[in-house]
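One chain comes next, on its own, written out as structure tokens in the form predicted alone.
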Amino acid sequence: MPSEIDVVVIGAGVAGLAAAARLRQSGLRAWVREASGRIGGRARTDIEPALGGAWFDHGAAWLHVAESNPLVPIAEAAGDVLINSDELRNERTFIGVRLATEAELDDYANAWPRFIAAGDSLLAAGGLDGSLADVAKTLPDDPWALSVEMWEGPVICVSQPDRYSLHDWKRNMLSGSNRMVDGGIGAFIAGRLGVGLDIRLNSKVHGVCWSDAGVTVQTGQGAIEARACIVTVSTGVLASGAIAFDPPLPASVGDCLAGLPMGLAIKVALRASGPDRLDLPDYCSVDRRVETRGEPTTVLQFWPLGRDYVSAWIGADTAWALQEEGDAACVDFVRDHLSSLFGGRATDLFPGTEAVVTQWGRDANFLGSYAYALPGYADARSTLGQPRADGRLVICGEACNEDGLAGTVGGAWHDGRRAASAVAEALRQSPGRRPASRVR
């Protein structure tokens, strides 16, 4: 055991790693406790035998808004290869069972500015916070409005459009370019962001006693006394009561957790069983025009980086329902969708025997993919992240980010540093007793 600990950081995801690194820069001793056996949180890269030994990002896959993403310069300085996925991507869109024409694709491309302008008009009108679904309702004659809604809701923000805050959507619309890290973002985080930090894996926290005098963190190995605590677990875990707080967290925190539920995305990757490439180029994104709100759908990425598999992204209610049915149902859903687009060629090419299915909603350490704000709760992110107990208890992570990167690893990094700066300032202003931290 270290003889003195200033801050216990709960969780070794990106926010926890950022917080611990920032605390170290401030001259404070931080001890990171992680319930699982790895670091990285919802960023995880595996080498998948089912995909021929290719690396596969189960969670976060992109560094969004690369021009200002705080992790891009870290990766560049470490010599990691960053791949501009926007330059590589090819796109195909189906209308029913046929490919869209060039004129239809032009109209689809212009649907995004039409949709955004309609959303801006709703926001400019003032009044109560509405939902993302309200935007498409103002565009009843736009054939692509529901497709844009599908991308902005279930795909990007893993939420149903009628349960997603219009204000929160606008604040967190992603712009700029996207980068992948060659070898996987999860591997980059595990290999680069935890260096030099004091991290204990397989160390689940189940209680936090907190006051303006300090904290006591309860673990399976005993109790740890420290001057402050930063909590980086997901809103799903906090809402589940897996960590007991004494005294209980204020009612305002519970209200924020209710307004920032976890969305879910499931990735299903199927390896091709033969040489057929369905007449599609490498790194090809395929979607289908949405005709009816709420229809179960998925978006597909074929042959990423020239590899022989397709990756499907399933979000929001469809993902939660398929999770309950199990992995086989997820694979069948994707195979049925492939067959509806490409017929028997896809049925033969993807028998479903070589597959990867992600499981974030089932993992008790996360209980979902990332948080979204319900209508009326756009300000819950900032409220949840407010320091408490004279700055000795701070909740942080992607759910609390207010820099336009909520739900992303860049946002988690930003917010972890914010939380650590708040704690460092609080301890500087009120140093109090520096306890000899111990497990007891």
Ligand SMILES: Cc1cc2nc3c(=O)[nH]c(=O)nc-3n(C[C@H](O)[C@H](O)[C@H](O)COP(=O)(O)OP(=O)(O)OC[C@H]3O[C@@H](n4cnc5c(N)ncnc54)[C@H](O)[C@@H]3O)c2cc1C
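Counting begins at 1, following the sequence as shown. This is a predicted model, so every value here is computed, not measured.
Beyond the structure shown, there is the form predicted together with the named molecule, which is absent from this document and is the topic of what follows.
- Of the residues A136, V205, A75, V268, just one reaches the named molecule in the model of the complex with a heavy atom at 4.5 Å or closer; this is V205.
- Checking V331, V233, L132, I224 for any heavy atom within 4.5 Å of the named molecule in the model of the complex turns up a single hit: V233.
- Although the partner is absent here, R388 sits far enough away that none of its heavy atoms falls within 4.5 Å of the named molecule in the model of the complex.
- Although the partner is absent from this view, W360 contacts the named molecule in the model of the complex, with a non-hydrogen atom inside 4.5 angstroms.
- The named molecule in the model of the complex is not approached by S26, whose heavy atoms all lie more than 4.5 angstroms from it.
- At a distance threshold of 4.5 angstroms between non-hydrogen atoms, V237 is in contact with the named molecule in the model of the complex.
- No residue of the trio P154, V290 and G315 has any heavy atom within 4.5 Å of the named molecule in the model of the complex.
- With the partner left out here, the named molecule still marks one of 323 to 331, 341 to 349, 363 to 371, 164 to 172 in the model of the complex; by a 4.5 Å heavy atom cut-off that stretch is 363 to 371.
- Residues from 11 to 27 that approach the named molecule in the model of the complex with a non-hydrogen atom closer than or equal to 4.5 Å are G11, A12, G13, V14, A15, G16, in the order they occur in the chain.
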